[in-house]
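Take a look at this one chain, the form predicted on its own, written out in structure tokens.
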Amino acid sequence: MSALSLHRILGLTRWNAVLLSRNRLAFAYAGVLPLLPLALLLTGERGTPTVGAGAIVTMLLVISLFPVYYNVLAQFVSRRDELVLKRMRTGEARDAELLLSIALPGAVSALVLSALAVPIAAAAGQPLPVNPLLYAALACAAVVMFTAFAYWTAAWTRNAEAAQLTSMPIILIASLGQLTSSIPDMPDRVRDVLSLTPGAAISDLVRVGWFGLDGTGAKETTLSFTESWGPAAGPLLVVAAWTALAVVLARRSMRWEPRT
């Protein structure tokens, strides 16, 4: 079995990026929509950690769900139904190269926007990340997790139009997690369940890793770089578990031909 070809991956990625740029709606999802949540930094009490945490968490979720998750899902299903993937698999391109090339445009967009959020937030009066390594790890893990979820969802999505419906469970699971930090008086049992969702883990890691907030009700920075690793352990395990589950599900259910 031949090794992966970087040349083929980059060539296919460039082709997918060109196709993405020609779709104005998809291009807006990838480059414009994710930055809109940062407008929240200009509202309320500017410079406060709670306002900043809400804006950054929302931005990361939008980045994960649109340039990454929905874009990969729609592109893979469209090319599968048009038999493009089936034809390409009969040539030199390997399966992993096809999957990487579809995912890379959205992944690069997500990581660039995640990095741009740092100077944009600083310009709006927010502090720099307390633990930049934790924030960078979160951005990368979110890309991998939602890419895998996209390929898993594609297995039971009949066509590109149906993706608007089949994507809703993942979008809902990711979005519900924000409630853990936005509703302080939530019952403990409900909070414990929601804390195990990807969205809650992302919210907790942003609050700890960027703003040094210790606990869902914290409003002031109390954690340093070293101290932030302890509270981040639980959310990191949740993200790792969901990422592993998504990868396993995607590998077991991958379909390269249209559903009959």
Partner chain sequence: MYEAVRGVDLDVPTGSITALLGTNGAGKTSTLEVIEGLAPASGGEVDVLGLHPVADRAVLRRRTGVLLQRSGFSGDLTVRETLRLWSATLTAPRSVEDMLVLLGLEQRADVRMLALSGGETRRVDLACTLMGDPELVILDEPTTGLDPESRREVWRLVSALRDRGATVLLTTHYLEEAETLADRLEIMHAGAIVRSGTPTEIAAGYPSTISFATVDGVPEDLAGVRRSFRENGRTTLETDALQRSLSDLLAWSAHVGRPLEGLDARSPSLETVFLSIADGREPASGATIEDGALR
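Since we're looking at a predicted model, the values are computed, not measured. Residue numbers count along the first chain shown, from 1.
Although it is not shown, the form predicted together with the partner chain is what the next lines describe.
Here the chain stands alone, but in the predicted complex its contact with the partner chain, taken as any heavy atom within 4.5 Å, falls in 89-97 among 166-174, 144-152, 89-97, 114-122.
Contact here is defined as any heavy atom lying within 4.5 Å of the partner chain in the predicted complex, and by that definition each of His7, Arg79 and Leu83 is a contact residue. The partner chain in the predicted complex is approached by Val18, whose closest heavy atom lies within 4.5 angstroms of it. The partner chain in the predicted complex is approached by Arg14, whose closest heavy atom lies within 4.5 angstroms of it. Not displayed here, the partner chain is kept clear of Arg252 by more than 4.5 Å at the level of heavy atoms in the predicted complex.
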